[in-house]
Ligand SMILES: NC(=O)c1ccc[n+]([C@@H]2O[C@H](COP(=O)([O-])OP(=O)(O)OC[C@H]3O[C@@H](n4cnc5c(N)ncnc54)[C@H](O)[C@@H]3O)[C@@H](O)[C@H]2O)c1
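In structure tokens, one chain follows: the form predicted on its own.
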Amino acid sequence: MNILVTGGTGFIGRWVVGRLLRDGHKVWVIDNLANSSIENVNEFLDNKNLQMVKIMDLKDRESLHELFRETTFELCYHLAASINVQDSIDDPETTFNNDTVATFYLLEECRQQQVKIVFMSTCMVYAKASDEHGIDEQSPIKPASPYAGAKIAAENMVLSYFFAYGLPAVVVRPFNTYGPFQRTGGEGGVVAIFIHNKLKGVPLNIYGEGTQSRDLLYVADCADFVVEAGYSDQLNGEIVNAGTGKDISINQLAELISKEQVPIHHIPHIHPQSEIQKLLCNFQKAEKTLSWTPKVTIEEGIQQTEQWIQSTFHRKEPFKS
């Protein structure tokens, strides 16, 4: 197939691109590089099926229209987004424009050519898990930040194009994803930040009491889930979760990563109003419809992530955090 990946040089995006190339598809990548680097896809640049890596903002409607006019796509994975919760609180307009308005522009192009779209949403749209059953696709949502609100709005637009126009579309809600190529600074995930700090010999800082829990999904498993959601026709017009079905408290995670090599500190929460106390995924729908289950344990994932972050310290141009 001819496949477009927006945000394809980003953390999850570059893993999705890698999987699609391994599967033999022709892949076009667009990204504005606001949260990523071309270096993330360096290993794919010699692949004959990688058709284009274009620096482009989705809000540039003329360039977006030209891309769709030049190429007939069969599938679009829409991963481009502003992802930082605190940034969305400080500057909600930018997040809304990048996550909701830009999605609308892309939907309009997909509608003209009937290009199936897989929209990357987030577990941050949910309220907390209320029991050990975990959060399934019917669980209550709670837009506790403008980031979550923008994603919910974009989800609804994507699904409306399925119901109004018959556009093949699926919304994916992966839980907290981590692994190699994730940023280790402010927009990175807690695993990457903790590992980076440990390797640098500095304390691990936990916001609040650290009792909040997360369902941590290794990025290769996440990419497989996202790609499979695009391949399947069973989920058109639907929302589907991905996670491990196990959660870990941030205190436990810090201990697992630090291995008593660096101290652990608790600091005041910078956005307590947007905290979700318990994120635990119920992924039975993905398992049933896509035959997808996570393969990498938290211990294996942390080890592989630590090896990768360690390798970035030895580059001539260190990984930008």
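Residues carry their position along the shown sequence, with the first being 1. Since this is a predicted model, take the numbers as computed values, not measurements.
There is also a form predicted in complex with this ligand; it is not shown, and the following applies to it.
Thr122 is the sole member of Gln212, Ser139, Thr100, Thr122 with a non-hydrogen atom within 4.5 Å of this ligand in the predicted complex. Checking Tyr77, Phe225, Tyr126, Phe175 for any heavy atom within 4.5 Å of this ligand in the predicted complex turns up a single hit: Phe175. None of 114-122, 127-135, 195-203, 157-165 except one has non-hydrogen atoms within 4.5 angstroms of this ligand in the predicted complex; the exception is 114-122. Interface residue remark: Leu290 is not counted as part of the site for this ligand in the predicted complex, having no heavy atom within 4.5 Å. For Gly301, no non-hydrogen atom is located within 4.5 Å of this ligand in the predicted complex, even though that partner is not displayed. In the predicted complex, at least one heavy atom of Leu33 sits within 4.5 Å of a heavy atom of this ligand.
The shortest heavy atom separation between Gln182 and this ligand in the predicted complex is within 4.5 Å. Residues Gly7, Thr9, Gly10, Phe11, Ile12, Gly13 are the ones in 4-20 with at least one heavy atom within 4.5 Å of this ligand in the predicted complex, listed in sequence order.
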